[in-house]
Each structure stands twice: as C-alpha cells, then as structure tokens.
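The chain below stands alone, shown as structure tokens; this is the form predicted alone.
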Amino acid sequence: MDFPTLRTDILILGGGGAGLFAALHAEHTDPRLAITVVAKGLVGQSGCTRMVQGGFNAVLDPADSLEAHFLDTLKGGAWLNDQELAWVLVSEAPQRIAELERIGCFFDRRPDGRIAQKPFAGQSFDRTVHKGDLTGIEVMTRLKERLLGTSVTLLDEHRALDLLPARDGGCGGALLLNIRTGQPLVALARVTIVATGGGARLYRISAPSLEKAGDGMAMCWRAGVVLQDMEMYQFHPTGIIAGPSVLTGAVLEEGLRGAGARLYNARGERFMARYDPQRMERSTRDIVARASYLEIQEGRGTPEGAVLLDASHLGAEFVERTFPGMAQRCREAGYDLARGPVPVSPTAHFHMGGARIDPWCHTNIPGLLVAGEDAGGVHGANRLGGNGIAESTVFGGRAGDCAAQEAGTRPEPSVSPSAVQEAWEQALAPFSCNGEESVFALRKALQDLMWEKAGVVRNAQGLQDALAGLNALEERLHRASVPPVREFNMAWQVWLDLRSMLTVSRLLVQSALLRTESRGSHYRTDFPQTNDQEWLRNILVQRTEGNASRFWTEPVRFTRLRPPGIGSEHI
C-alpha cells in the first residue's frame, strides 16, 4: 500500500497545554520551521489542560520562595522526584505566568492589582494562580488564539498509532490515523514530541477527558523508551458521584478544601481527624483520597458509595461567586454546592509515572522528546494540586525550544516501508476478526478490574489478580471485531484505546507488585509503611524482545536535597 506522507520539521503529538506551548516556543525560536500539531480531538479544545479548574503554582510573592515551592514539591512527592526536573518546574513557572499574560490570559487580581493566589493542599504558601475555577479554559483559549496566528499546521481528529524508527537510528516520526476518514498518514519529522497526556480512563471512576487512554506512554513503550515509576497513579479525593452520568468522576477542585470545605462520612463524622489531624482537609491528595476510600470501604460511606463534601458553611454567596464553574457542574448533577453536601469519591486523575526524560525533555531515543503527563519524574509519588498545568507549560515550552534547536542538526528522516506496513496492519487487526467480543464491554471490564484490584488501595493478591485479569482481557481483545467501516468508527477507536490502556495497565500493575512498601499515591495493605531504607528508588522498565519488559531499580538521585535523616549510607 502506498501511504500518503506528510513531511515536517517538528511533529507534536498532543493538542493540550504541553503540545501548544511546545508549538509556540518552537515557532518563536525558528519561524522558518515546519511544525505540525496532531490532536486526537480538536486542538486546544480537547485534552486535560482545558479541564483545569484550580490553577497554576508559581512563586510570585516576595514572601514566598522557589526553595519553599521546591521543598513542598519534594515532600508531596515523598522524595521520589527527579530533583533536577522538579527544580526546573518551580524555577521557570513564574516565567510561564508572565508569558501567559503576554498572550492575553487574565488571572484573578487582588484589590491592589497584583495577581491573586489561593491556597492548595500540601503547600506552605498560598501560591496558586487562577481564573476563578475555570483556569484551564482561560489558558487554552488564549494559547489556541495565539497559535492560529502562526504558520503551525493543525491536524484535528488525528490519532498517532505508532512511533516510526528512522533508518539511520532514532525516531523518524509517527504513523497517524485520520479519525474522520479512517485513512493512514505517515508523518516524517526530524524531531517528534510526545505530549498526549495520561490515561486515567483505565479506571472506572476517572476525571479526565474521554480520549485519555495512555496512547503516548504505550507508543513510547513499544518504541523502546525507558519509563519510570509507572505504579504511581494519583486519585483526586473529590470526584462527583452522579450515577451513570458522564459527570461521575468530574473533579471538585481542592480550592474548595483550601477555602474551608469539609469532608464527612455518612455518620456525620469529619473523618480527616483520624488520618491527618493537623492538616485535615488540606492534607495532600494521596492522604485525603485514601481516607475517603477507606471510609467508603469500611461501611461509613453513603448508599451510592461516596463521602460528603460540604461547603455550605462558607456562605452561599461566597461559594457561588468564588467557584461558579463547580457550582454549575453540581447543579447539572442535581446538587447544590453552595447550600448543601455533595457526594464525592476518589477519582483517577493523574499519572506521575511516564517516560524518563532529562531537563530538556530528551528520552533515550534520539529525535524523540516527551513533555507533560507522558513524562515521569517531576512529581515523584504524588503531584501537588496546581503543579500539573505548571508542568505542562514549563516542559512543553522547553520541548519546543529544544526541538527547534535540534531540528536543524538532524537529517531528513527516512523510515522503513515494512515498519509502516506492520504498524498499519496491527491497527487494522479488529477488521479481520470474526469474534463476538464487544469492545465496549471489554473497556468496562478493564475499568472495573483496575479500580478494584489496582486502585487506591492495593496488595499482592489483588495485583496478581489484576495481572491475570489483564492477560484474559488481552486474549479477548484479539477476538473483538468492529463494524466494517473506517470513517468515524468509534468502536475501532475504542479498540485502539484498549490496546493502549492494556499496555499501561500492565506496566502499572507489574511496577506496583515490585514496590513492596507504601509511598505517596501507592498504598499497599500488605506493606503499609514507607520503607526509606530499601525503597528510595525509582522503578524503571523498558521493552525487550516481543512484548516482554525488563524491570530494574535505581536509587533516587538527591542532587539538591536529601530527605530528613537520610544519609548517603542509606542509598
């Protein structure tokens, strides 16, 4: 088959915050470059950055400091962070706020005109910049507007199927699928940036947009990229429970808890007093999510499997004025956030693991950069609220700068036709299957399995069960067929999503089995203690022959700070 081909200097997979910042920085660095942004949905309209309610952590106040933000990030990450990446995050976040203002973002202000900053959990200073509780919409709208004034090519509703190896080594681009037509497109690029976001939809209750299936991490694994800390998955403590509605899992951001909203179980007990009496509801996400989960599991939840978030004592006028987006979202689900409690549950939110990168987003494959949630290391074992959008913009911008500089030094890529053909045939596999398995039923089975066996609370037996279940689901996926039409075939898209979700799920479960301790978002009932003596280590994984993986560990590199009481003799 002759494949239509697109030649570009820089190929950016992902149209969220990291992808658009990469495009703008690359275009600014060298306007002569051909730059292409590929989005599974609509560029700037899909992805998770647009869904950000809370805000953006940045040191702006003279009473705050980069060192304090850095230490908060390491404490929140349970000291598993790559400290050089974390330092880049905190030290460049203020610059990104200035950039965003220059392109038109207008953040909330104090009476004296300075940018307002609000409290978020796990922080020693109120440093979260925001636009009400609709910060992501403000950021993505302005980024898209600015991008439309450039020569950057935008490919809406195209999904990347696989990264393509260049004949002379490294990455040569990617095979794309035009979702509208069902036709392939070979995108050859001197430099490729993966910024597709995470894959929270592999869990039954989850917060991000529907297209988040872990495509970027799965493609990176198949290409041989080293991934790290895949067991570290964050559950946001307060996702709405709204029955079978797609609103179930949608986040009520922690600015609410920062402002004083309280959590109660069905008995009316303010249960955080049992788990973190000092910080209560302002504890870190991992602790609050686990506390809520345990309350529900131990029979103190509501009949629909929730605990209750109550902001009514803050005053209806204050809640409506300060959190208009969340108040509206609750009304759509049948609740009144300003005047009564709302049922909430932990909801899958953010993957701290991902591709191992250096501070300029390089992976171990030449010509392949990774930025945003597809990358690991920045947040360690638990991400602070407000550090996610900071990561996307900081490292998205860095990836764009780096790609623009390196595009001129890398030769025009050439890829093997057989590699393209093989990737395309694998994507077409469900069309040649006559099985009766439903991809939609398989997706639900996967989400239930991961929620129950590899979710907020884990143990060896559950993780082994999850692994066996994943094996069975992979077998069933090979027997699943899709309708024989390629244009806008949503069953085919779900089949492709499942392929990615199963890969990410397997890496997550295998890594979780290896980490025989509890740390940050990874909590095991059979190893409930944090074991600094043995587990201040990152877990790494890379594909070997076939679909096998090699796992190994390396000590965390304490390049700037050591955890209290930890000397070099422990590492």
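A residue's number is simply how far along the shown sequence it sits, counting from 1. All of these numbers come straight from a predicted model, not from anything done at the bench.
We do not show the form predicted together with a small molecule, though everything after this point is about it.
Exercise for review: Identify, from the list Cys402, Ala355, Leu100, Ala207, the residue with a heavy atom within 4.5 Å of the small molecule in the predicted bound form.
Suggested key: None of the others qualify; the residue that does is Ala207.
Point to revise | The single option of Ser521, Ser505, Gln53, Thr36 touching the small molecule in the predicted bound form, heavy atom within 4.5 Å | key: Flagged contact: Gln53.
Review point. Among 319-327, 67-75, 346-354, 274-282, which stretch has residues with heavy atoms no more than 4.5 Å from the small molecule in the predicted bound form?
Key: Of the stretches listed, the one contacting the partner is 346-354.
Point to revise | Proximity of Cys220 to the small molecule in the predicted bound form, heavy atoms at 4.5 Å | key: No, no contact at 4.5 Å.
Practice item. Determine whether any heavy atom of Gly386 comes within 4.5 Å of a heavy atom of the small molecule in the predicted bound form, and answer yes or no. Key: Close contact exists here: in the predicted bound form, Gly386 approaches the small molecule to within 4.5 Å, heavy atoms only.
Practice item. Evaluate Glu437 for contact with the small molecule in the predicted bound form, applying a 4.5 angstroms cut-off between non-hydrogen atoms, and reply yes or no. Key: The answer is no: Glu437 has no heavy atom within 4.5 Å of the small molecule.
Review point. With the cut-off set at 4.5 Å between non-hydrogen atoms, does Glu211 touch the small molecule in the predicted bound form?
Key: The answer is yes: Glu211 has a heavy atom within 4.5 Å of the small molecule.
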